[in-house]
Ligand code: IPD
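Coming up is one lone chain in structure tokens, specifically the form predicted on its own.
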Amino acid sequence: MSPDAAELLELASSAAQEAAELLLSRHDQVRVVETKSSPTDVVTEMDGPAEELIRHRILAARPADAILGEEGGQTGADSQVRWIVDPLDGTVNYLYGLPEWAVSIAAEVSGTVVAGVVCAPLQRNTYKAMLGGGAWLHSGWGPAPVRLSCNTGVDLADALVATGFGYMAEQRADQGAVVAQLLPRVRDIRRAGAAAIDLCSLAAGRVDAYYESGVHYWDIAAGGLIAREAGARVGGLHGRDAGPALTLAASPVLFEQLHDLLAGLWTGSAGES
């Protein structure tokens, strides 16, 4: 019997909320403990404990499941269910006290993401989606969940486009060159600093499109499902899956327009992981 997606979503939601509360408890006194790919790619003292809490909660309920986490890598194998965990997406924002950071948890069944949660506590927003069940915003500002739908009927020239940048200097230079050529052809560019929040903002109609290179699976697994369930197309260049080379998301017509433009601009390390 296949695991129930609603039960997986509920477990993801409770684990994400508890991890968010842990992160909130220290967000005004946090410090950097290490760097990864470059001096700007930081890990705070809270990334690890937040992921450990999520792993503990998931395995207490489902001890046979596999987990892929940003900090702890892959644990468990040969399981029908795998959890994809980013305990703190938007680490630099968290470090600086900016609100655009989130806990992101997705659940796969046999390789397909069936449930996803992105909890952005300083924005008082939790985004949830279940495969085939739509995408929903649970907000501290409203009494009931709101079903999400991405913006449609937006031409490229009128599109508000979210993006992000990598951590390596050469990659940033190439990404900046792409933005410089894209900017005159769209309404404007937004850079929030957290891929999961960008995808949820797309789902909620707060931006019209999103693209970024250099993202990892844990950055986009939950947010990608939320965007798709809100009506967006999510993918890479030339029919490839979304991933480190490029993740692109928008309503289907705008997706094609932005894809064709980016395909002509994308060169060098901008499209590398």
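Note that residue numbering begins at 1 and tracks the sequence as displayed. Treat the numbers as computed from the prediction; the structure is a model and nothing was measured.
Although not depicted, the form predicted in complex with this ligand is the subject of the following passage.
This ligand in the predicted bound form comes within 4.5 Å of no heavy atom belonging to residue 65. Taking non-hydrogen atoms only, residue 130 never approaches this ligand to within 4.5 angstroms in the predicted bound form. Contact between residue 229 and this ligand in the predicted bound form is not found at the 4.5 Å heavy atom cutoff. Interface residue remark: residue 208 is not counted as part of the site for this ligand in the predicted bound form, having no heavy atom within 4.5 Å. Just one listed stretch, out of 144 to 152, 113 to 121, 80 to 88, 180 to 188, contacts this ligand in the predicted bound form at the 4.5 Å heavy atom level, and that stretch is 80 to 88. When this ligand is considered in the predicted bound form, only one residue from 46, 54, 215, 242 comes within 4.5 Å through any heavy atom, namely 215. Residues of 184 to 198 placing a heavy atom within 4.5 Å of this ligand in the predicted bound form, in sequence order: 191, 193, 194, 195.
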